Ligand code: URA
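We begin with a single chain expressed as structure tokens, specifically the form predicted on its own.
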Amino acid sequence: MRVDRFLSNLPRFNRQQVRLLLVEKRVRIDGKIVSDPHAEVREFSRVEVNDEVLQTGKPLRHFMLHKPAGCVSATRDPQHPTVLDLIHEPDRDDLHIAGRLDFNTTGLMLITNDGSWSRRLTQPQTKLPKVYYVETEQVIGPEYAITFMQGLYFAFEDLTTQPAGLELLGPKSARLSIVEGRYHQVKRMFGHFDNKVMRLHRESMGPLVLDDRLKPGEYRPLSDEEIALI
């Protein structure tokens, strides 16, 4: 929400008062003085006027997790462990998943309480590449790469997938780069050739690469530099 709208929605300020507060540089968002009425107030922003706190906010948190197999990409599940069960942090219920993985798919997961950051990470228009290591039941033929680059028609959604890059690593292994996150997309792409995916592991999302020091089930906070990449 724009800061001028945020302040105007409070019963104590009218629009003229809000304009004066901004012009006189008496408003702070997350510790920084703002005078631009278009400055953004987010859910977790700390907002102060004349050193009085109007919204306490909470620190934004961003974690990289190495998801193990047999773990649900959900905040709660009555039958299976969830990825949030692996996060041992205060206020864990404030966190959400940015980019889900299937039950038996392993690899990079990003978990945060920063809604704006996760939307930038996952919204389709950003076309952020997601790279997977894939092992299949049968040999991967050269025609796969051509078909994936042309796009596959998914009748259920009535759409054609965006071009995807395929790098063969062995007879039954490859590295796949996609910019979407359709339901079971990778498995359905290989299923087009009646080739079952036996192992699927996400290596990266855009510029963020899974830390090879993290064992399955382990996590770490992202650095400021990593957060700024998105």
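The numbering used is simple: start at 1 and walk along the sequence shown. Note that the coordinates shown come from a computational prediction; the quantities given were computed from them, not determined experimentally.
This next part talks about the form predicted in complex with this ligand, which is not shown.
Enquirer: Which of 160 to 168, 45 to 53, 24 to 32, 178 to 186 has heavy atoms within 4.5 Å of this ligand in the predicted bound form?
Expert: Going through the listed ranges, the match is 178 to 186.
Enquirer: Considering L200, M64, M205, V41, which brings a non-hydrogen atom within 4.5 Å of this ligand in the predicted bound form?
Expert: Exactly one listed residue reaches within 4.5 Å, namely L200.
Enquirer: So which of E135, D94, D77, D102 reaches within 4.5 angstroms of this ligand in the predicted bound form, heavy atom to heavy atom?
Expert: By the 4.5 Å criterion, the partner-contacting residue is D102.
Enquirer: Could you list the residues in 9 to 43 that come within 4.5 Å of this ligand in the predicted bound form, counting only heavy atoms and keeping sequence order?
Expert: Counting only heavy atoms within 4.5 Å of this ligand in the predicted bound form, no residue of 9 to 43 makes contact.
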